[in-house]
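Presented below, as structure tokens, is a lone chain in the form predicted on its own.
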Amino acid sequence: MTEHEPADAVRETAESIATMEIRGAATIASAAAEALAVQASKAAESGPTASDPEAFRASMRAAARTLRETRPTAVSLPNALRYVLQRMEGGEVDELRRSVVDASEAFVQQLDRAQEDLGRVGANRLADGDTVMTHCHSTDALACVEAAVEQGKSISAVVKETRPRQQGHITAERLRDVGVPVTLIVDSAARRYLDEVDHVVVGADSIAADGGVINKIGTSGLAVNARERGVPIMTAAQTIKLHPETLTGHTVEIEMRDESEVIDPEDRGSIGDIAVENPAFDVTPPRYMDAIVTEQGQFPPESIVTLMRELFGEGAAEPWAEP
């Protein structure tokens, strides 16, 4: 490995993330952190990076950039890089190497238990006999219900099918697997069934510094209806979903998906000249969300910024950038 050149493991990990062989927020974050640990060990073995602390730091930044560029709109990936690189400390190469490896190991260990810890926190908000309403498919949200069931609580669920891709069907199957009685409803029936619900539980694609929740389209409307009906709603999300760029006013990009998910091309042609839009996400303002549940505990939406700064630093720090 020449000076500043990423190790083979870094390039392989980057390729796997870019081709979506590695997917899922937690899996991507874990792989990125582990790749940085490999880079640190390789850089400390030989060449200029083994004896020059500045060359070592430069090689780590270059490796992080290689990883970062694979999924520019991801949230968990840069968070993993921030967590590890911001804890790179020392005056000698061996000290720098050790700090990177230790930070990577700590991050991965935290990720390994994050969903289980989050589930226990969320389960404490659910009471025996509660009925929950879900939207889309979130393993973090499911973890809260599953933990409540493991605690011996009787929980039932009203599951929104979540068009256009009907991810609610996955949620329904998972809940039935753990013995939860499920009622599947069409999205437009949500307000009617809120009168029969004790809690709404959703996940998040990412969470902004002001506590705004970016999640599957339809979450915001559900949250407004839940507030009007007096039904508490919580977001279950691991801290890797926090969006540090929003500390400096970064606007969250809402992905527009292919119109074929909404309407068959043949049907579209028979209707005539129409526009079709298919936004993947919407933003729920913090005033409509009762709590954000993470592996670090539960937080009022407006205070999530404190946890964000503690974990990932001030502002949209980019420790992989050249100074």
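Don't overthink the numbering: it's just position in the shown sequence, from 1. All figures in this text were calculated on a predicted structure; none of them were measured in a lab. Take the two forms, find the largest set of C-alpha atoms that superpose within 1.5 Å, and that set is the rigid core.
This next part talks about the form predicted in complex with a small molecule, which is not shown.
- Contact annotation: of the candidates S99, Q86, T139, S156, the single residue with a non-hydrogen atom within 4.5 angstroms of the small molecule in the predicted bound form is T139.
- Of the candidates N124, N225, Q167, T131, Q167 is the one whose heavy atoms come within 4.5 Å of the small molecule in the predicted bound form; the others do not.
- Annotated contact segment (heavy atom within 4.5 Å of the small molecule in the predicted bound form): 131-139, selected among 131-139, 172-180, 148-156, 188-196.
- The three residues M20, A25 and K216 all sit with a heavy atom within 4.5 Å of the small molecule in the predicted bound form.
- Residue contact check for H243: none of its heavy atoms lie within 4.5 Å of the small molecule in the predicted bound form.
- Proximity of R71 to the small molecule in the predicted bound form falls within the 4.5 Å heavy atom cutoff.
- By the criterion of a heavy atom within 4.5 Å, G203 is counted among the residues contacting the small molecule in the predicted bound form.
- The small molecule is not shown here, but in the predicted bound form it comes within 4.5 Å of a heavy atom of F281.
- Once both forms are overlaid on the rigid core, the distance between the two CA positions of T284 between this form and the one not shown is under 2 angstroms.
- Superposition on the rigid core between this form and the one not shown places the CA atom of G24 2 Å or more away from its counterpart.
- The two forms, fitted on the rigid core, differ between this form and the one not shown by 2 Å or more at the CA of L111.
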